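A lone chain, given as structure tokens: the form predicted on its own.
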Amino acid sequence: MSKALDGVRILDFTHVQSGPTCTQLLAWFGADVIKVERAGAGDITREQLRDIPDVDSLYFTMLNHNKRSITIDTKNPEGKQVLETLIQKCDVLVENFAPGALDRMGFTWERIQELNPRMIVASVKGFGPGPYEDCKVYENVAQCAGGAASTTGFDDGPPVVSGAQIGDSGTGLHLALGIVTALYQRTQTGRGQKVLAAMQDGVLNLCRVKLRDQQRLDRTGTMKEYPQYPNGKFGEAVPRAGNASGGGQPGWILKCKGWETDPNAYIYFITQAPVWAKICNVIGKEEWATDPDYATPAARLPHLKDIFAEIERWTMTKTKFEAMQILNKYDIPCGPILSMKEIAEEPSLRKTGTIVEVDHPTRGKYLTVGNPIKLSDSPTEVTRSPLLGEHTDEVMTELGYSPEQISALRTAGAI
């Protein structure tokens, strides 16, 4: 069966997480991703957070599946010529260098256009145009600058960054969409274009409900679904809301049986209005279904802390999985707090390809996250990440270089 991006060739100049997330996704959809690395070193994550000496780290392997690796010395004049040939033969160049690095290499947008006017140049940067555009940005910096940290955590504590990599991987996902969109537009115009995904912008896009709430707060001075209501104080900016859902259906994380020893023995419970009577029956508070202080969503808002405390008295008598089984019978929305160990061992995630076991020639077998997007006509097969420079000869041959030319380039240190 063909792949969605068969025939698309990606020149991958990315490293660490944001860029590799993007190019890995494109590779999963069938694009031929050629990862350009420095000879002898490669992507810095090959050696970061190693758990096995002298073996590519999980950090690298889990972000670079389905790719081919070549090593080029771009400072070598002959290596630079190889790179020019690659630009002529590829559809997309993806990079997450520091601002201006590609220009300093001699590959300005104008030069790339001369070599290949159909080339799409896609970039991850920390910030878009503005006072901070030259600043170096990492995951947690992006979460802070994009509004996530200031709105995460509890009101009586400091800002908190999320365990989800919304700055790096989130921006990589945004960039992948931009690339596919630019490829589609190219079918109409025949021209390449620049695609920019700024990490601050990506985080803010994922925090749009908090920008919504900022405007509501400016207008009304309060937000009734936040735990600060009715007794807490609201300042000028959207406060941290703990585990509140932030939407029209109030929710909270509640203790379950075993919470004293298991840090993840919790469940997220939503008091959805249409099933309120069922919630009352399940927890043994049938009278709340008709009590005017509890019967309507508006009436319940001032009592949310008391309501969740009562629900928690019930959940503490059940494991999170027992509570899930009971609550789902009544269509009461809830979700267990799953640890990474529980997720890794979940059979259904293996069956759908969301968790995949991969065999690596030096690491052996390891688990990785598979393609989160499933296409019925473009199934994903996750293949291992490449060894450093593993495909140099193969790619050079495809570019038209003879064995003698490849040998000469290697002797010159260009590849």
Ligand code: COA
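Residue positions are given as counts along the sequence shown, with the first one as 1. This is a predicted model, so every value here is computed, not measured.
Just so it is clear, the following notes concern the form predicted in complex with this ligand, a form of the same protein that is not shown.
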Can you pick out, from Ala176, Leu93, Ile72, Cys256, the residue that has a heavy atom within 4.5 Å of this ligand in the predicted complex? Ile72
The listed residue (Arg38, Lys374, Arg50, Arg350) that reaches within 4.5 Å of this ligand in the predicted complex by any heavy atom is Arg38
Contact test in the predicted complex: Val16 vs this ligand, heavy atoms, 4.5 Å: yes
Can you tell me if Phe97 lies within 4.5 angstroms of this ligand in the predicted complex, counting non-hydrogen atoms only? yes
Residue contact check: Tyr330 to this ligand in the predicted complex, 4.5 Å heavy atom: no
Can you check whether Gly126 is within 4.5 Å of this ligand in the predicted complex, heavy atom basis? yes
Answer range among 331-339, 102-110, 315-323, 149-157 for contact with this ligand, defined in the predicted complex as heavy atoms within 4.5 Å: 102-110
